[in-house]
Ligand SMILES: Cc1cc2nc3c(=O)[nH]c(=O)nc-3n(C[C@H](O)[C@H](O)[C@H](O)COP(=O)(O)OP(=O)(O)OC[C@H]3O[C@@H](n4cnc5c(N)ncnc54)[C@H](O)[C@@H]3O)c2cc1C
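Have a look below at one chain only, the form predicted alone, in structure tokens format.
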């Protein structure tokens, strides 16, 4: 029995790792385009900031795959897929055949279709090579004015990392009228902006880029309202798109992503998908927890231990440019029947918001404070009814162990 996994990011690596942990005797072959072993993508931010050297980027020791009896092929590109024969073509030269295939091809940066996006000085960030190219450009000559297109999680993290490198002018441009439009409401976004401005970041909100100008290399951005912004380097952090080209060419059913059922099997029996490429019940998550959950589900099904994927409650607990943030579940409820409790401390930079439906906790924002963030996230994922403690959850000193017996 041979399982071939396409992609050695989080989803591909975890699928292979879990399959072996489940005791599967299958031959496991992982094929990936990057020349480096698996590393968590958030490490790219620490690398750019100068906090993490290249040799400490990687998740596992150098001999990990060998000890697990997993064959990992680095720097190889899949150029063809035959769904009936369960075969893949590598680098346009050789075909290898398996008994099962797992597509964990991930996503690619979404570049806006505006004139000038191909100019020298325009970057995206998805790989170690991307990060190294950006750093080389930023340090090669006079300090450039840096513009980050995108005020989501990635854009803010990139901006803060570059600022930490010592560059003085970093501006974040966001199409919506607030930062983190998918993770924060207006109150939280405003508070976060104040905190980040204190660190030295600049912001332009409600702006849509129309053209990147410059002779040969970037010199400025022109916006649709006619305004302009000088720019010596531009980093695009405007989202990602699933890499479904291989699946489409092979005749697998796709929509925005590669369509999978509740067992994460594609339209072809024996071919599975996980991570940023997969579309499950009309949803593409693009989140680390979802990729992890999906990879493990695929592994269980490959090992003959039937397992359904019921979805992942969106949840993040992280530092956004140095500010602690936890968001989970439904934070911007629409319709009737919701109850919202919140607490705002402008001076301390703390904002807490809880969303209830039928007394169950279905969403939360925890900004500016770390304590309680993970506990709140777990409560949201469990749709917990906190009972008599509902109004106490926002207190700084609340003991979450009180909920264990509810």
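If you're wondering where the values come from, they're calculated on a predicted model, not measured in any experiment. Residue numbers count along the first chain shown, from 1.
As for the form predicted together with this ligand, it is not shown, yet the points below apply to it.
**Q** Based on heavy atom distances of at most 4.5 Å to this ligand in the predicted bound form, which listed stretch, 251 to 259, 184 to 192, 103 to 111, 200 to 208, is the contact stretch?
**A** That would be stretch 103 to 111.
**Q** Just one of 270, 333, 239, 289 has a heavy atom within 4.5 angstroms of this ligand in the predicted bound form, so which one?
**A** Checking each option against this ligand in the predicted bound form, the one that comes within 4.5 Å is 289.
**Q** Exactly one residue in 281, 319, 308, 168 has a non-hydrogen atom within 4.5 Å of this ligand in the predicted bound form; which is it?
**A** Flagged contact: 319.
**Q** Counting only non-hydrogen atoms and a 4.5 angstroms cut-off, does residue 379 reach this ligand in the predicted bound form?
**A** Heavy-atom contact with this ligand at 4.5 Å: absent for residue 379.
**Q** Considering non-hydrogen atoms and a 4.5 Å limit, does this ligand approach residue 77 in the predicted bound form?
**A** It does: once this ligand is placed as it appears in the predicted bound form, residue 77 has a heavy atom within 4.5 Å of it.
**Q** Spell out, yes or no, whether the shortest heavy atom distance between residue 70 and this ligand in the predicted bound form is within 4.5 Å.
**A** No, residue 70 is distant from the partner.
**Q** In the predicted bound form, does residue 41 have a heavy atom within 4.5 Å of this ligand?
**A** Residue 41 belongs to the contact set for this ligand.
**Q** Which of the residues spanning 1 to 16 lie within 4.5 Å of this ligand in the predicted bound form, based on heavy atoms?
**A** Heavy-atom contacts within 4.5 Å come from 7, 8, 9, 10, 11, 12.
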